[in-house]
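The chain below stands alone and is given as structure tokens, in the form predicted alone.
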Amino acid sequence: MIHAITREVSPAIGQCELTHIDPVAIDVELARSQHAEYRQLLTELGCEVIHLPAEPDLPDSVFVEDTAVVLDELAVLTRPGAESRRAEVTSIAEALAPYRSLAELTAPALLDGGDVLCVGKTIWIGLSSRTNRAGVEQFERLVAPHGYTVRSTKVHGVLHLKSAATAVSDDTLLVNRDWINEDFNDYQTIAVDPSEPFAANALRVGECVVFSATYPRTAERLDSAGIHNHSVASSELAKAEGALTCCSLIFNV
């Protein structure tokens, strides 16, 4: 069974950390409504959703992906690049403990889960403003005994690697090449429509893809490539520099 850990939108989301976009007022109630639609879609796609309560003092806490990387063999608790986000990890560790053995990164490592792209037994990690080389090296030491190969690539102009590339099938990536140095020549790639630079973030759930309704032209490209996708509204969470993969931790049990 597929499980998905999510967390309710914080009432303080308007005080979220921003790096590459300008502040815009966030409608908290609309954000919660869109997040509820997102969770409902995950349920319809076969997920058992574990929904955690809001963290009023942690503005970015809805973006649970950044706090852990869940593999079949273990879950790695991250050390987020923004100091204000590190307190988010504790409750995620408690939620994951019944399902996985836990390992954790320690200083001087910095790593956000949004910078970690798993494609089979290869794990790509983005070197970004939130993830450093020490984070990559510690992560590699933890997962290499389980047969994973870790590769890194620089990310520029955007917050996380998965803002620039995500997996939409076992061998196909959706990419915006303007924000990454890697060509991903080992995979088939689908480029985002040039008018939709933020469209590279897609959430794979089983054989389906959850995709933002904000990017219809890129959705057409996915359709043309035979990638079955379901659209969901995400406008308010995007104002917090978040995306669809950010809002859940998906894993098999």
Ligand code: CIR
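Each residue number is its position in the shown sequence, starting from 1. Keep in mind that this is a model prediction, so the values were computed, not measured.
The form predicted together with the ligand is left out here; the points below concern that form.
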Does R79 reach the ligand in the model of the complex if we count a contact as any heavy atom within 4.5 Å?
-> no
May I ask you to check whether E241 falls inside a 4.5 Å heavy atom distance of the ligand in the model of the complex?
-> yes
Is there a non-hydrogen atom of F211 within 4.5 angstroms of a non-hydrogen atom of the ligand in the model of the complex?
-> no
Hey, in the model of the complex, is G135 touching the ligand, heavy atoms inside 4.5 Å?
-> no
Partner-facing stretch of 29-37, 58-66, 224-232, 180-188, counted where any non-hydrogen atom is within 4.5 angstroms of the ligand in the model of the complex | 58-66
Among L159, L174, L111, I92, which has at least one heavy atom within 4.5 Å of the ligand in the model of the complex?
-> L159
